[in-house]
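Below you'll find only one chain, the form predicted alone, shown as structure tokens.
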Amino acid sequence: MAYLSDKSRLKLVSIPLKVKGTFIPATLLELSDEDPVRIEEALTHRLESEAPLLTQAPIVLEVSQLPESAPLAPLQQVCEKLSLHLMGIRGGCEHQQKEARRLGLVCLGDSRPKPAANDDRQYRAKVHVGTVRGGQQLVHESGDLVIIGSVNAGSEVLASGNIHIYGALRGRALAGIGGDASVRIFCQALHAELVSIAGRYRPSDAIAEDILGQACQVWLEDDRLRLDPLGV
């Protein structure tokens, strides 16, 4: 039987990196105007009331509604001026995506396509029975995610549809990961590290203390994230 030398054995266990899937939260800004002056004014107004939320995570610009001739460099300059971390764009034509790469931005592509109306097999709820433990990531990209149990701190649950948690939410829950802003998150006891609907998110330090520990629903109203006790 051949034995490994101490040096060879060390090479097998000394791995310098690990590759893990994750979902990095980002604030999605859907642009309907290419004028950098107007965009700067609107962002400045938002920063006055939502500074912690806009500055704590990277920014992604949704540019699919802009003309194909709209340049991206002035938009990047606006973000730099306001100390916002612009990570990338979503959507856009080939020309805009090439410009984004030249500017050092990531191109995320368009929103995920919705299933055909007559194909219900593509959109179904996924049910997970048991606790989602710290370090685990549970993803469902084609429907609602139902968890019969708790979501522990250090774990992530993600779904393109609604998320139902029949237990405590202590980790991170991200619904509408394909861009659907009509979905909601429901949980029996809110202690979340982060909640997000269609890219709009709220970390634990921005959640009001009077709702902590309560049965709660998270949803979007007028493009703003709301956290309300169930039944209200």
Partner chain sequence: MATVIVITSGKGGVGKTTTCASIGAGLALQGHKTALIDFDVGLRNLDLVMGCERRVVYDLINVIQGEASLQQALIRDKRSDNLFVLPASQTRDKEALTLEGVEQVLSEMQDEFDFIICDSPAGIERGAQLAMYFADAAVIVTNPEVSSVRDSDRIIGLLQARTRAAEEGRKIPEHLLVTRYDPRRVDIGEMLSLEDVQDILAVPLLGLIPESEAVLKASNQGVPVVHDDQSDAGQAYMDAVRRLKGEEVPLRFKEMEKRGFLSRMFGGR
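Residue numbers count along the first chain shown, from 1. In this text, all values refer to a predicted model and were calculated from it rather than measured experimentally.
Missing here is the form predicted in complex with the partner chain; even so, the following discussion is about that form.
J.: Could you tell me which one of Arg102, Arg133, His85, Arg124 places a heavy atom within 4.5 Å of the partner chain in the model of the complex?
T.: Answer to the contact question: Arg133.
J.: Of these, 133-141, 157-165, 77-85, 92-100, which stretch puts a heavy atom within 4.5 angstroms of the partner chain in the model of the complex?
T.: Among the candidates, contact is made by 133-141.
J.: Does the 4.5 Å heavy atom contact test between Glu193 and the partner chain in the model of the complex come out positive?
T.: Residue-level check for Glu193: yes, a contact with the partner chain.
J.: Closest heavy atom of Leu108 to the partner chain in the model of the complex, within 4.5 Å or not?
T.: Leu108: no, not in contact with the partner chain in the model of the complex.
J.: Does Ala153 make contact with the partner chain in the model of the complex, using a 4.5 Å heavy atom cut-off?
T.: Although the partner chain is absent here, Ala153 would touch it in the model of the complex, with heavy atoms inside 4.5 Å.
J.: Is there any non-hydrogen atom of Arg170 lying within 4.5 Å of the partner chain in the model of the complex?
T.: Yes, contact at 4.5 Å.
J.: What are the residues of 59-75, in order along the chain, with a heavy atom within 4.5 Å of the partner chain in the model of the complex?
T.: Nothing in this stretch is in contact.
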